[in-house]
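Just the one chain here, the form predicted alone, laid out as structure tokens.
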Amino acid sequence: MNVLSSYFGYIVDIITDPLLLFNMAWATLLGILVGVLPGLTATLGVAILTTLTFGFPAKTAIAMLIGVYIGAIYGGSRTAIVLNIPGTPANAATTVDGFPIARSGHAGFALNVATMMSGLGSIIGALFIVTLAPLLGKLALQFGSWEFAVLAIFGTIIAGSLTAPKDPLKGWIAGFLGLMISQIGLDEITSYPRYTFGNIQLYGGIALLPVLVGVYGIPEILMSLKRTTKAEVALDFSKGKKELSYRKTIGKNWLNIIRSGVVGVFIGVIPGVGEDVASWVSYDLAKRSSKEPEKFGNGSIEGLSAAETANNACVAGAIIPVLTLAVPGSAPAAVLLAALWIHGVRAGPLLPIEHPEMIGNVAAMFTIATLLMVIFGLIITRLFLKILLVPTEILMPIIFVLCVVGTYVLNGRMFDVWIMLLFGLLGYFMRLNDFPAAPFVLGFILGPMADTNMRRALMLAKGDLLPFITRPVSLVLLIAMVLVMISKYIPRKRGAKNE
């Protein structure tokens, strides 16, 4: 089936299905709410909603999860602009210029510009899903066990390097810890129990959802309860309508918007990097190419536009490798990958064969969710800012209950709740000691893929490792992996010598 025909066909299906449209609407609104609340992340929002969509048809559940993902990344810009606190890590770059604009009395203008740029970024991303995903899918069909094994380790290394720029070693340690923990349970090839210590509960391995909720949710709750400082609020919406023009803003920034959207998509495609890196890279590029670089950091519209366009475009980029390679481009995309499997959709190179309509359908869901996000953003998200008046001491216990309930309903057993709490403590320790969670989660997800394909490759080659360097794609990935590690190591040694 042609991707474009499935794309446009499913847009019509969504619009003419009131129940599906309603479910997407409230899920997108929920995502915006999650993004508005500092301390809650898009990953947590997608994880919690995943636990609540078991009873939904697969396409409805996927559409809702995409809605909450897009909404959460966008919603974080609200607090970034009016509170100088990014609602999610993806909106950290938004604070640099968004808050100065709001503090100057143009809060309403800044919020609406962020809404428009987020919408444009998502639309650019949807175009890439339609065009790039099928090409990447065809390339992925050429992959064998050698390439998938190297790709899994490559993704973990990349995630570790980019999420721990000060000390990449901590990122790599976190990633390989995730790879090791993913080996718990029965071996997929021989059914031999590994690291179960006779505990029958571990024979099936550790489920992804308790790990995700634990590593991301519990540390966020504990860190939020530790914060005692109150943020400065810039809620003056009185200026902006007459003094500043939205049309001129888009007209002056069209190149910046396209560049940031493309950068966001391609950074999203890199496994484990995510929206925060995309927004910072785009912000930096916008500053370097700007005719007014001195305005950056003091309320630059270009800076705000670059950050918000890139982080929402990155969402689409993160979904592309999920669909074509079964490799998530970000932590929320990792949960989305798990949700696809839970609902019987096996993402990866065979997806275009088993579900030829799915890539077009996902792009259509993405487009509709973006339109809903823009509508909600322009109409009612200012009301959501009132929720910030709810004390953290009340809000966080409610979130904790949702984490526990969401984990319990996964299999209806307390064992998963204990696992979630255990990984919550691990995640809290990692947070305090600057070990990033993203490579850990990515390693946990990619561990079975790395293990199974590595052993299958060795069996096919009768124990010979040469195919890993004689097959072109595998060799390119290995060289790229080594270069990434060396590039992170050499500057640190030079810096140390200079000191």
Partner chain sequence: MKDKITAVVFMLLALFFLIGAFFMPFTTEYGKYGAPGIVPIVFSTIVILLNLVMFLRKREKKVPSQTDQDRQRISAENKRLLISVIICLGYVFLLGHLNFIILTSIFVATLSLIFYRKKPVLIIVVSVLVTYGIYYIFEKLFLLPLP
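Numbering follows the first chain given and starts at 1. This is a predicted model, so every value here is computed, not measured.
The same protein also has a form predicted together with the partner chain, omitted here; what follows describes it.
Checking 287, 170, 343, 103 for any heavy atom within 4.5 Å of the partner chain in the predicted complex turns up a single hit: 170.
Think of it this way: in the predicted complex, the partner chain has a heavy atom of just one of 371, 207, 139, 402 within 4.5 Å, and the residue is 402. Although the partner is absent from this view, residue 473 stays clear of the partner chain in the predicted complex, with no non-hydrogen atom inside 4.5 angstroms. Among residues of the shown chain, residue 144 is not one whose heavy atoms approach the partner chain to within 4.5 Å in the predicted complex. The shortest heavy atom separation between residue 183 and the partner chain in the predicted complex is within 4.5 Å.
In the predicted complex, no heavy atom of residue 250 sits within 4.5 Å of the partner chain. The chain is drawn here without the partner chain; in the predicted complex, the stretch among 172-180, 358-366, 95-103, 208-216 whose residues come within 4.5 Å of it by any heavy atom is 172-180.
In the predicted complex, 458, 459, 462, 463 are the residues of 457-481 with at least one heavy atom within 4.5 Å of the partner chain, listed from first to last.
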